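The form predicted alone is given below as one chain in structure tokens.
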């Protein structure tokens, strides 16, 4: 006797949770939203084609970002609109992978317009799923590039007008005019029949990537009942009768039968040629001096935080530059607040003798805090047994945790005594290299002149580093 077993696709997680330890969540989407249906169609195809383990799913800002709660594949979140650019990098660096760019209308057709057009024009071997519900979903129902004429939204309460906002953009028709795309189709999630048709389009688009490394673009008309202010049933009817009237369904381009396939060969320059091409000068490495530091097995993740103007970012740059002069693996990435000088700023630095997987520092082994908000924000993130160096001239509250090594150093006061508070960051550099013993003080002092742009300030920066070293020695 035959038996039908209904289950989630293997490409879905067993449980949908936002954070470890959360209770099971059935969905993050509103009732009647089409994202869940499209997720299922994609997940079924990935399982059936046997490519789940080599799939990377790129989702940017908007409701589409929730895909990583559901899809048990490699997930990468991109900045608003930049999913095709990120997908391009992933595909080119991993040519055998299956890369999906999953985007909404406000994301792809507005801020991401340049990214999608250029990725399509290059014929990148990716598959793009474009969810068009004619409105910004996550952020409150503002007008999208696909909002219909006369359709009211939060930013067009009287309805979109031709005179003021122009025509809704038909992205599938635009993409289809380009030479490189292999398959462009518009489907909808309006009833059982249209969902079946959408399933076919999803599978064909993925097959074109898997078998021929071709670019496909699938636009999916879908309902957003919450922002359309309709019941799920009425919203689905609106998709069928109104949205699909302006955005006609059907294949806009299909050259898959004659498309010969695109090579997956990677065109890489020999690493030895890159410094010459980019005019990069090799860092000076004194192998005799660094041999005492190169044999250590270590991986330091450093978060440096404070106000803009305190030299937070340049402190990170100095540590990174000095790390390179010790032949370490190094990364540095800045994070600015909404303002620069006077606003918040922090940077992440990795110093390691191992390959670095990501420049981001979420769990620092070392925190450098140059103002009180930095203690409040990052103290909880420091790994147990890690270090906090903080400027006690400006911070009158010591860290609360007792499972850390805490170094209070009056960096601003010491710098002021040398003549300028702007070198407080170099006082901390000196304190760190003396306390952590990661680098040669000789190399740091001798090389600082190559890092400091204003040559008139080299001398005073060296003095500041010496003062930091001296301060730590006197603590013993």
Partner chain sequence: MAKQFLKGNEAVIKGAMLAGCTAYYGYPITPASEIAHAAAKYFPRAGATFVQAESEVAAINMVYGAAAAGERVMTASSGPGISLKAEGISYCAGAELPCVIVSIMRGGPGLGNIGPEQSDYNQLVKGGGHGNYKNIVLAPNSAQEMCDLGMLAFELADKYRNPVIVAADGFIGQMMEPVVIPEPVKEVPDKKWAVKGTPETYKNVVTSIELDFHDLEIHNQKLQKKYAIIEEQEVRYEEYRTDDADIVLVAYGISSRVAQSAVNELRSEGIKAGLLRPITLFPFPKLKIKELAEKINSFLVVEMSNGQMIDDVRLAVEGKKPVHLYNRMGGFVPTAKEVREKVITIMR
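Rigid core (definition): largest C-alpha set, two forms, superposition within 1.5 Å. Numbering follows the first chain given and starts at 1. Owing to the predicted nature of the structure, the values given are computational and were not obtained by experimental measurement.
Form predicted in complex with its partner chain: not shown, discussed below.
The listed set 380, 122, 196, 405 contains one residue whose heavy atoms approach its partner chain in the predicted bound form to within 4.5 Å, identified as 122. The contact with its partner chain in the predicted bound form, taken as any heavy atom within 4.5 Å, belongs to 61 out of 438, 61, 37, 443. Among heavy atoms of residue 68, some come within 4.5 Å of its partner chain in the predicted bound form. In the predicted bound form, its partner chain lies farther than 4.5 Å from every heavy atom of residue 396. Contact check for residue 97: a heavy atom falls within 4.5 Å of its partner chain in the predicted bound form.
In the predicted bound form, its partner chain sits within 4.5 Å of a heavy atom belonging to residue 274. Within 4.5 Å of its partner chain in the predicted bound form, a heavy atom is found for every one of 115, 267 and 330. Heavy atoms within 4.5 Å of its partner chain in the predicted bound form are found in one stretch of 388 to 396, 229 to 237, 158 to 166, 319 to 327, which is 319 to 327. Heavy atoms closer than or equal to 4.5 Å to its partner chain in the predicted bound form belong, across 74 to 98, to the residues 74, 75, 76, 77, 78, 79, 80, 82, 85, 86, 88, 89, 90, 92, 93, 94, 97, ordered by sequence position. Here residue 89 does not count as shifted, since its C-alpha moves by less than 2 Å between the shown form and the other one after the core is aligned. Once the cores line up, the CA of residue 276 ends up 2 angstroms or more apart between the shown form and the other one.
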